[in-house]
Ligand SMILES: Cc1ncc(COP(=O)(O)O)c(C=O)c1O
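First comes one chain, alone, set out as structure tokens in the form predicted on its own.
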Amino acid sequence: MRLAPQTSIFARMTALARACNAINLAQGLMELSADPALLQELSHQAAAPVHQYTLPAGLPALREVVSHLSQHYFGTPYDPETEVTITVGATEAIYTAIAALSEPGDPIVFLEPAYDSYLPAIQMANAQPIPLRLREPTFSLPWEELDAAFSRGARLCLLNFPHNPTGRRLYPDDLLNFRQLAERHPQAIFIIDEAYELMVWEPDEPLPARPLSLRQDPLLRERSILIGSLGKLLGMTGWRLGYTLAPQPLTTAIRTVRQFISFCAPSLLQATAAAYLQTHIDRATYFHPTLLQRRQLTKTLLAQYTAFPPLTCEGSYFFLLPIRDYTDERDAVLAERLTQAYGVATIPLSPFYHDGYDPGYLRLCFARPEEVLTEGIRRLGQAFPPKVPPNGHPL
């Protein structure tokens, strides 16, 4: 299928932010100081003979590291030879999995709000998208609708936990419900985007939470393709390193397709990531203390400078700002006006819905330097001032 010419909402808002010299809290930029040990390893590997093609499945050492990550954090091993594949970012992995496992016209279920590459990936595979909405205000899963979609013949279901853009994480009850779905519908296969897999937080405390994944249930493990992002894990999103974890039959299908797309991920970066994580697996959470600090700072600043109610983020590095109590503007119009008139860019949620549905939220990224967050939220407060402003005098 040929897609209509379009620019993603992330590219549009980032370009507008640059044009307006605005604070960019829109794009998911991880502006974090790199671990010096990682940069040292990069320099070391650059002088090594690692600059030729790797196997399409990925550098064996990195596949072993990815398997170790799954065992260490989730208690679930994968065979590096037959069940782990290194990709050019998580986005390529999503596209490849859909292309490998669907035929033209196949119904593919996905949940909205959905990251903006999901629908195009389904369309480019000439499959039939079946969008289902998460239920507001808690963005709970529509279990009855999922069950009905599988009953009508759907085989693939694209999921995302922790969820972008809502920040919702997976809970034990969710695992139980997914298992029951899998038992009732033996044809069901789940593709789970876990790009933020270890970025899971206690809702009301500045503490990490225990990560959960469908892979921890034996039945779901055999019916799932897990997609991860080493770029996000290392704080190096521009490295474009992702991976898939899947049982051998599903992995074989994925590898068959992706060898004809990019062939292999960058060899130098694969070697660097492997060497960096091989002896210190806990480096996978190197940035978590900083992200937790920034999450707490953002909550404090929003309470201090804006009218928004107390907000929470269970996973990833995004907050949703509820705007319906303050304006009737469509979210996309408001996001552009905030960028142009107040100098702060956010992401509207309506582009995360296939039909442009506007649930009344803006997404804010808190993985930014403290001074950027402080100034950006101060500017937001000019548009949405608190009832009692920071100086203590009522408006």
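As the structure is a prediction and not an experimental result, all values here were calculated from the model. The first residue of the shown sequence is 1; numbering continues from there.
This protein has a second form, the form predicted together with this ligand, left out of what is shown; the following refers to that one.
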{"item": "Residue stretch of 105 to 113, 300 to 308, 257 to 265, 157 to 165 approaching this ligand in the model of the complex, non-hydrogen atom distance within 4.5 Å", "value": "157 to 165"}
{"item": "Answer option from I94, L214, L234, A127, heavy atom within 4.5 Å of this ligand in the model of the complex", "value": "I94"}
{"item": "Candidate from W201, Y196, F287, Y276 lying within 4.5 Å of this ligand in the model of the complex - any heavy atom", "value": "Y196"}
{"item": "Exercise: R240 in contact with this ligand in the model of the complex, heavy atom 4.5 Å", "value": "yes"}
{"item": "Distance check, F319 to this ligand in the model of the complex, heavy atom within 4.5 Å", "value": "no"}
{"item": "Touches this ligand in the model of the complex: Y118 (any heavy atom, 4.5 Å)", "value": "yes"}
{"item": "4.5 Å heavy atom contact, I323 and this ligand in the model of the complex", "value": "no"}
{"item": "In the model of the complex, residues of 298 to 327 near this ligand [heavy atom within 4.5 Å]", "value": "none"}
